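Look below for two forms of one protein chain, each set out as structure tokens: first structure 1, then structure 2.
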Structure 1
């Protein structure tokens, strides 16, 4: 794999600049000061930290949505099985936090799904099952992609921190050499 292919692969995860390890500090800071190079790396570090926080929030949202979708899908599948058997289903549902109620539901052909943003729509059991399976699949794919991007950002943060330390060490070494020469 060429270096361009690796760069393209990393850019599919994020639009942030790559964090490459600085092999040769002297050539890296050529034409600028150590302070300017450190400032540039600090700006990148801040970008990476912000992206990490945003992705962590997204991951938490996907991790919460997944079980909710699974539970709803399970309930719709139970209703489908109960309809096929022509039996009444019994559900425990949450009224408020820590307060539950029992409900007996006769066989039904449709359910109402809460879509968010104050929107609730009625679906047939088959359509609801299809929609929920699709949403679960998308949620799991998004979670996987977000976790992959988080791993990449963590690598960028670590590399940037190491590079900043190397620049500091280089500056200390330069000062020491100037002091020894004097």
Structure 2
């Protein structure tokens, strides 16, 4: 799953056109009209906006999953400690959102992890700890890369908006010059 997200990020950089600040407007337009150039930039802007929305949803997802994984991990660590002390503890567990009931938990060697898609697997405490730790680090990594992609896209968006404004001003100037000549 992590390699897909990594590729996803690279795709963001390679399939999206880079937005560079247009230093010289005339040479940029050479060979076509200002309208066409502005149109192209507007299309780029839309691409960036869609990518930005997609990344924002991704980021929200990672922000939500991180604390969940952390909570599960610390619960497994609690059970590990309990096993070391060979204690039986009483827990209040959530029966429904407003109702809790009591259950007694003996020291266990294995726990059941809900992996989603109607799949639940039994893991030893050690395997569960390793799995959760690696899931957590993958989640945090993905969050970081998504956030850096978001920053990059924001730069692209701003640069493109500035470029569009410059092209537009150039067109206005062009038209004025033509009028002055005629």
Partner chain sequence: MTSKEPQTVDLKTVEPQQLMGLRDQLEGEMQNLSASATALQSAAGQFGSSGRAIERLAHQESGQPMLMPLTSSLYVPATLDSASNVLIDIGASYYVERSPADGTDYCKRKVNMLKDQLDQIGQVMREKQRIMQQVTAVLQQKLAAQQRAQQS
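In this text, the rigid core denotes the largest set of C-alpha atoms whose superposition between the two forms falls within 1.5 Å. Since the structure is predicted, the reported quantities are computational estimates derived from the model, not experimental observations. Numbering follows the first chain given and starts at 1.
Both panels show the same chain in isolation, but it is structure 1 that comes from the form predicted on its own. Comparing the forms between structure 1 and structure 2 on their rigid core, the Cα displacement of residue 94 reaches 2 Å or more.
Core-superposed comparison between structure 1 and structure 2: the C-alpha position of residue 103 differs by no less than 2 Å.
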